[in-house]
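Only one chain is given next, in structure tokens, and it is the form predicted on its own.
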């Protein structure tokens, strides 16, 4: 059997399983809460590993490998920050509070949380627009990663690879909603981990071990084994922060905390997410090693696909291909649910917020609006957002990880502080949240448009300015109404054992 036939067989079976899971979960999706957050009934293993799969997508595998190829061993610091800040600390600092606050406020989206927490419909709309636009940009990078890996391993045209991957995802997400996303992501996380281990150890064996690799890389350029090396402190630190601390403002990851069945999930989930997140080390390491095995690559995004083809037999390559496809699909699917929620729940929901008064449709009183109609709208919105991403991905710009960092910078600059301070600081006000979101997004965009002065990514000035504006404006304006704070914090904690 030829290598292409092996790849096609393994990938075909894998994609068939995903579609079957989507159809099965579609039978369990009856309400808007089921479609967007799985009815808040997801356990620790599925929550943790779906978090990992959505976090470390094909962007990290393909794009992280490309950065490792270009910048060498210093990129391992990015992976370390992913594990410590993006996984462990995110679960410890945000997990319990996000679950409790969103349960009290009865919200299913990040824009919805911001709107209700601060009594600010304008903040909800602005954050929904940011999520809608820049999550689609992010999804483009995910599709690019999947297209590149299929191009490199199977020899099929890039456009065909993008269309195959995107179409399968659109089918199971639009049918199964969030439950399909988290359960397929759970399976995909294990495939990703196995594939990365397989390629990583094969690469180490091919270069004679980590010590020999370091000596060989130093002979090319000492910057490839030193910190910060050829990248420089500005680029390395700012990029590490955006893909780790920036996670704290990313809706497709925060929604995992919404969907937990109780805060007991956090005890085991934090450990599992940390262990699973450790796989982030392998793409950067393998990318750096590929500099020795593939010294003349024109496009660093092809480092991981070409290395796989060179080191692994067809069956091993097929498993790794499935792992990369799993990584991309889990993230793409998660983002589609978030974008769908931003459109249906936050932009079209007609929710009006004024102080503590929130006029909204009650699903129990209006079952059509709160149930089947909203699910239908969610499916249509996810399909529409996915099609837009597909069209843009057919002619993508720049390196995969560059596109991702651009999108994450704007989303995090707008949403991070209203979320983090929203669950810790009672003094945060409507004006403070709204102004910080607008200024943070504008500064991040402006900084990147200016060519990233000093080599610092737009995320750093965007988040810093957003924090300063949030605090100063909140302290300069009237405290939020007592009834709004009582609603958000409650007279007691929501039971962790519900």
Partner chain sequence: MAGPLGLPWSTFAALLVIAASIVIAIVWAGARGSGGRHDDE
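Since we're looking at a predicted model, the values are computed, not measured. Positions refer to the first chain, counted from 1.
Although it is not shown, the form predicted together with the partner chain is what the next lines describe.
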Check your understanding: Mind checking whether each of 179, 187 and 286 has a heavy atom within 4.5 Å of the partner chain in the model of the complex?
Key -> no
Exercise for review: Check whether residue 379 has any heavy atom within 4.5 Å of a heavy atom of the partner chain in the model of the complex, and answer yes or no.
Suggested key: no
**Study point:** 4.5 Å heavy atom contact, residue 394 to the partner chain in the model of the complex
**Key:** no
Review point. Would residue 226 show up as a contact with the partner chain in the model of the complex if we use heavy atoms at 4.5 Å?
Key: yes
Exercise for review: Give a yes or no for residue 151: in the model of the complex, does one of its heavy atoms lie within 4.5 Å of a heavy atom belonging to the partner chain?
Suggested key: no
Exercise for review: Could you tell me which stretch in 188-196, 240-248, 277-285, 108-116 has residues with non-hydrogen atoms within 4.5 Å of the partner chain in the model of the complex?
Suggested key: 277-285
Study note, to complete from the structure: Of 427, 373, 267, 205, the only residue with a heavy atom within 4.5 Å of the partner chain in the model of the complex is 267
Exercise for review: Could you work out which of 421, 168, 136, 214 is the residue within 4.5 angstroms of the partner chain in the model of the complex, going by heavy atoms?
Suggested key: 214
